[in-house]
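In the block that follows, a single chain appears as structure tokens, in the form predicted on its own.
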């Protein structure tokens, strides 16, 4: 019960603690330290817009305190936000704050920080953002600021690579024309002519294979025919891996069938002797 009460008391303390801004003041000066404008900022109403020239300097000072005790504190995060309402561009600039809550920021237009967004003829809305782990966050709208228009940045060498490129148009070669049917027939006859000569010579010599269809020879002959069918199938549809697989399977019975055929042939020749 005591533990829960302690947490409630801490939460109430944190809720009660808030940050406030004391003595906010701005000064616009030229390079020779001549003050063009200097005034105290009101947290309830914006002043007339501030305008900086190409060589002017804006100095902003303030102190951050606790609203209850008026003691200077150092928030965990302090930022100035420069926002262009017309373009939606914004820049965030961190501000250094001392442990006593005092802060000072200078904007020199000779060397403006990179956090300043691109500027045109529209003013930048400048606000202060405070963040803390032990205090409620706070934001104060300070003033509107006119800055010299930004120069057009130099084009990056790779700028063209980040734009839409022309569509790639592929040019395909025309389909290869088939030769005339007569030429194809001549070459086909040339390829088949050795077989015709071979068959003609066999018919004159009279090749005799008396035991070709015996039970000892026909398995080997059938397996050799299966290899020929496999090669034709490979040419038509199969892939190399499939041919090697099926060929390896056929090779096992072919070895035994061939051994049996050779043994039977030797027996027949021995009998004729």
Partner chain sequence: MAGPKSSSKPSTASSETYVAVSTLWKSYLDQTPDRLKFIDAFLAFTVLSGVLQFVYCVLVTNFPFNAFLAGFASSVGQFVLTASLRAQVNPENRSEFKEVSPERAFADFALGSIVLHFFVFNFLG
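Positions refer to the first chain, counted from 1. Just so we're on the same page, rigid core means the largest C-alpha set that superposes within 1.5 Å between forms. Just so we're clear, the structure is a prediction, and the values are computed from it rather than from any experiment.
Absent from the display: the form predicted in complex with the partner chain. The rest refers to it.
The contact with the partner chain in the model of the complex, taken as any heavy atom within 4.5 Å, belongs to 243 out of 36, 243, 43, 218. Checked against the partner chain in the model of the complex, the candidates 198, 165, 86, 92 yield a single residue with a heavy atom inside 4.5 Å, and that residue is 198. Although the partner is absent here, residue 202 sits close enough that one of its heavy atoms falls within 4.5 Å of the partner chain in the model of the complex.
Residue contact check for residue 133: none of its heavy atoms lie within 4.5 Å of the partner chain in the model of the complex. With a 4.5 Å cutoff on heavy atoms, residue 193 counts as touching the partner chain in the model of the complex.
Residue 228 belongs to the set of residues with a heavy atom inside 4.5 Å of the partner chain in the model of the complex. Stretch 179-187 is the answer when you ask which of 179-187, 94-102, 137-145, 71-79 has residues with heavy atoms within 4.5 Å of the partner chain in the model of the complex.
Residues 262, 265, 266 are the members of 246-266 with a non-hydrogen atom no more than 4.5 angstroms from the partner chain in the model of the complex.
In the core-superposed comparison between this form and the one not shown, the C-alpha atom of residue 62 has shifted by less than 2 angstroms. Once the cores line up, the CA of residue 229 ends up 2 angstroms or more apart between this form and the one not shown. Core-superposed comparison between this form and the one not shown: the CA of residue 247 exceeds or equals a 2 Å shift.
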